[in-house]
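First come two forms of one protein chain, each written alone as structure tokens, so that there is a structure 1 and a structure 2.
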Structure 1
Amino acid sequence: MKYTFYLTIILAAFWLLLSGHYTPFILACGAVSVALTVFLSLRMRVVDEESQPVYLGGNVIGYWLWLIKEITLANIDVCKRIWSPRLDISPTVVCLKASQKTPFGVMVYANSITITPGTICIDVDGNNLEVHALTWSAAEDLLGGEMDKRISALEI
């Protein structure tokens, strides 16, 4: 029931934000569309803690800011290596153990690795991740565990 309430509030707020019109007819259309979407979501049984990770709370904003910084730094590093006259890369594959408690947490970890330039998660088996890194320094950063710790902190 809690997730149904959150879904309704999020959909209504998103609809109001995108609509920009507040006449009675438009608001009624919005209410009907939100109600229909919530009804269909409940019938499909997709309203649960995994589809709406509200337990992440405000910590997720700090993580996004940190991830944006890491993506920017990795972009600069990859661009320097690509434009360098000597191709200074050392492709490597490393195995990481994810410390996340939920499949959602492992998924966030794997996706965070993949969207960071120079690294890509190539296999996930339970909590074991196989990662390809463009350079050994990128692999060492992952082995250091900063990203893993930050994502694990989101799950609390």
Structure 2
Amino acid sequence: MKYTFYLTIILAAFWLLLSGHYTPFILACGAVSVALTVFLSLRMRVVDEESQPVYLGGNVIGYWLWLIKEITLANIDVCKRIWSPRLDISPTVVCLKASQKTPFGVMVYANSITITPGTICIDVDGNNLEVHALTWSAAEDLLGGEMDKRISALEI
């Protein structure tokens, strides 16, 4: 029920953003299309916690700021390695254990790994992640487990 409500709010906001015209007839059309989309999603049984893409709660802002810092550092590192004449890379595959309790937390962890340049999550099986890293030092940073700890602190 909660997720149906979130989905409706998100769809309505998206419709309002795209439309730009606010006469009663067009607003009614928008309401009908949102209702139809929610009805179809409920029939397809895809309305669960994944339909709430932006997780709010805990120290999310702090986590985003930390993630942006990490992404910036990783970008600088990968760019340096691309432009360096010797192509200083050492592709590595490592296995990680995610300490989050819910599948949603594991999803956030895997997505955070993937969005950071230099590391890509290539397989998720329960709590075990398989990660391909461009360099051994990037893999070492992940094995240190700071990102894991921060995401675990996010879900209470």
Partner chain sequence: MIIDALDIVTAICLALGCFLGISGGVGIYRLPDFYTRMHATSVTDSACAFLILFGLMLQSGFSLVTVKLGFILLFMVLSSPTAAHALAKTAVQFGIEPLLGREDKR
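Rigid core (definition): largest C-alpha set, two forms, superposition within 1.5 Å. Residue indices: 1-based, along structure 1. Just so it is clear, the model here is predicted, and its values are computed rather than measured.
Form assignment for the chain places structure 2 as the one matching the criterion, namely the form predicted together with the partner chain. Put the two forms on the same core and the Cα of V124 is off by less than 2 Å between the two structures. Fitting the two forms on the rigid core leaves the C-alpha of T135 displaced by under 2 angstroms between the two structures.
After superposition on the rigid core, the Cα atom of S41 is displaced by 2 Å or more between the two structures. Superposing the two forms on their core, we find that the Cα atom of F14 is displaced by 8.2 Å between the two structures.
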